[in-house]
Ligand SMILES: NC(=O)c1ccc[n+]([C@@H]2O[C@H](COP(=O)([O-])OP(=O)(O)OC[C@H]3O[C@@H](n4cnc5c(N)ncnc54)[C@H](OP(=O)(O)O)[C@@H]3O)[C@@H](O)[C@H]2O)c1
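Single chain ahead, written as structure tokens, the form predicted on its own.
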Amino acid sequence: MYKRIAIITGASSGIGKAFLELLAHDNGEFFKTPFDEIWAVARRADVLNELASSVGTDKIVPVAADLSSDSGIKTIEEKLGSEKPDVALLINSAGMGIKGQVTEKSDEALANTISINCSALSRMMRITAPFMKADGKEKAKIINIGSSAGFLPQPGFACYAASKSYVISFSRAMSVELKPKGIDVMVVCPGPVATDFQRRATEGKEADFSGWRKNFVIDPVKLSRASLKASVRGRKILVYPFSQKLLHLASKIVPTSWILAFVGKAVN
């Protein structure tokens, strides 16, 4: 049976959850053709099941999979192969990062950051692309959540920033590779977002952003809504909000060595 679906990774919290809730109740604001199912992908089945119940629609299909592992990717790949849906939208929202000096972090923390932010995102695009096609009305869409951290090296958050640089570069290249197949790819580069990310990134030491960053924190629902609208318009990159556009501009015109010298003083 023909089935038009959306897939959201990292759907149990933060930005992914915001996307899920918006799409679950979309009445044409974003997509003219409704989804038959929304696959919500995250590690914990119990959290996904609770989320599916709370959203208030039977469209949500919980898919428990740890995307940092081969078995997690295989779970998605096998489900796609078995059900052969039309994947109209893929949102790669799963991500992680640990703040601090690289030499003070565990091999596992570094490996997981690279695996989830870079490898899982790339592999999800590879396994879903064969199931994506333009239907004549709307192109298939891929939205990758990057970060303004990816514009520049960030001492004290080096692995995360580098991984998001990968997401930006990979997304922009894939927007060209997948264009002939009728698939639009967009990367989103937000600044600080009001999610649980800061607590996890600081390993529980800080619940909220501090310093100058606290003045630029944005709401995940506003970010998700802006991202969906930009994707529908065919944008390739969304830098959000305006404050991050200024950072993006600075990253292009100010020598990186100057910025690193300034950031290095702040870190040390």
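Position 1 is the first residue in the sequence shown; the rest follow in order. For clarity, every value in this text was computed on a predicted model and none was experimentally measured.
Omitted here: the form predicted together with the ligand. The next part is about that form.
The unique member of I183, M186, L89, I116 whose heavy atoms fall within 4.5 Å of the ligand in the predicted complex: Of the listed residues, the single hit is I116.
From the list S171, S147, Q154, T128, which entry has a heavy atom within 4.5 Å of the ligand in the predicted complex? Flagged contact: S147.
Thinking of R43, S68 and T195 as one candidate spot, does the ligand come within 4.5 Å of a heavy atom in every one of them in the predicted complex? Looking in the predicted complex, the three residues R43, S68 and T195 all sit within 4.5 Å of the ligand (heavy atoms).
Segment that reaches the ligand in the predicted complex - one of 103 to 111, 171 to 179, 77 to 85, 90 to 98, heavy atoms within 4.5 Å: Flagged stretch: 90 to 98.
Is A11 close to the ligand in the predicted complex, meaning a heavy atom pair under 4.5 Å apart or at it? Taking the distances in the predicted complex, the answer for A11 is yes, it comes within 4.5 Å of the ligand.
Just to confirm, L23 within 4.5 Å of the ligand in the predicted complex by heavy atoms? Result no; L23 lies far from the ligand in the predicted complex.
4.5 angstroms heavy atom contact with the ligand in the predicted complex for K141: It does not: once the ligand is placed as it appears in the predicted complex, K141 has no heavy atom within 4.5 Å of it.
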